[in-house]
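Take a look at this single chain in structure tokens; it is the form predicted on its own.
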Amino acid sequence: MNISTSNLTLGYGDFIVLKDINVTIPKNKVTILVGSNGCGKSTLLKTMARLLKPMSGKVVLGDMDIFQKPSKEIAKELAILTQSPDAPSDLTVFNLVKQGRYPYQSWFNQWSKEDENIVDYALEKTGLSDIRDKKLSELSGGQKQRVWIAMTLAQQTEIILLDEPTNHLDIKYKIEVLDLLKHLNQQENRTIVVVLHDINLACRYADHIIAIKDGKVYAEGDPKEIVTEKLINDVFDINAKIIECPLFKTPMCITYQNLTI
């Protein structure tokens, strides 16, 4: 399933955030959206998930305008994890993850053994099987984030959209979450789209980067090809020296305002 945008203009009221955006998300790859605060990364992601309606243009999922498709059908084709999702603190891990099966439920199609097996799979994939009966209030930040990702896995969609999934996590849990997403992409051919602030982690994990500046796509492509000192300066308004990461052979940005401290 492919997802793309055509002449997409987004905003709030009369304020335009993004104008005439044309992007195609590479299938079965990890795409990361980068840019300064307020540039429209999250707005674009939410519109691709049909959470926000565009001012003009369209989002195409498969061969159809996403806003023309029924909500339950969309939920079987793409899942989204928004920033700082919330749920009752006394909810158990299992009961939150099982919410991912909602698109497949109906009056005539109740909870089934297949649903149970899929939730078990999602818990196993995210390393949560041993704590399935714990309450959310008993979990660490990293564990909670994995629970939300497990819920999106339970939807069994080809496309997963995540808005800053490492926000408020320390570096250990950031790496844990991004490793999990990369594993899902590589082992299950999931198309992953992520909004991320950390440019070095974006370069490490992305197959495809989309950099946004002044309401437009400034550049997109393989991090090794597009992440340059000029891009960092133009998009983030800061100086940078780009070197090769000694471990992952991806671009590494050393940023600075000036060379005297």
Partner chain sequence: MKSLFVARKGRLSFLYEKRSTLVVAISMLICIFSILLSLSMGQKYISIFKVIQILFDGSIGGDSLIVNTIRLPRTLVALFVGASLGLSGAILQGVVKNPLAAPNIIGITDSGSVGALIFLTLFTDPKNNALTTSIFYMPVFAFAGAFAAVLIVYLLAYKKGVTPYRLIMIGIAVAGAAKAITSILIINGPVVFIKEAQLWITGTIYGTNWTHVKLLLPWFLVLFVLTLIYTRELNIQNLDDGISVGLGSSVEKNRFLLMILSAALASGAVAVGGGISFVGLIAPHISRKLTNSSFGNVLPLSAVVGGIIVVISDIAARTMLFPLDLPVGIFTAGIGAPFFVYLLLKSQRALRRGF
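What you are looking at is a predicted structure, and each value in this text was computed from that prediction instead of being measured. Positions refer to the first chain, counted from 1.
Heads up, the form predicted in complex with its partner chain isn't pictured, but that's what we're talking about next.
- Per the 4.5 Å heavy atom criterion, its partner chain in the model of the complex is contacted by stretch 47-55, the sole one of 47-55, 196-204, 216-224, 28-36.
- Checking Lys125, Lys98, Arg190, Lys174 against its partner chain in the model of the complex, a heavy atom within 4.5 Å turns up for just one residue: Lys98.
- This chain appears without its partner; in the model of the complex, the one residue of Asp179, Asp86, Asp130, Asp170 with a heavy atom within 4.5 Å of its partner chain is Asp86.
- At a distance threshold of 4.5 angstroms between non-hydrogen atoms, Asn109 is in contact with its partner chain in the model of the complex.
- For Tyr102, a non-hydrogen atom is located within 4.5 Å of its partner chain in the model of the complex, even though that partner is not displayed.
- Looking at Gln143, you'd find every heavy atom of it more than 4.5 angstroms from its partner chain in the model of the complex.
- In the model of the complex, Leu91 approaches its partner chain with a heavy atom inside 4.5 Å.
- Shown here without its partner, the chain carries Ala75, Met151 and Gln155, all of which come within 4.5 Å of its partner chain in the model of the complex through at least one heavy atom.
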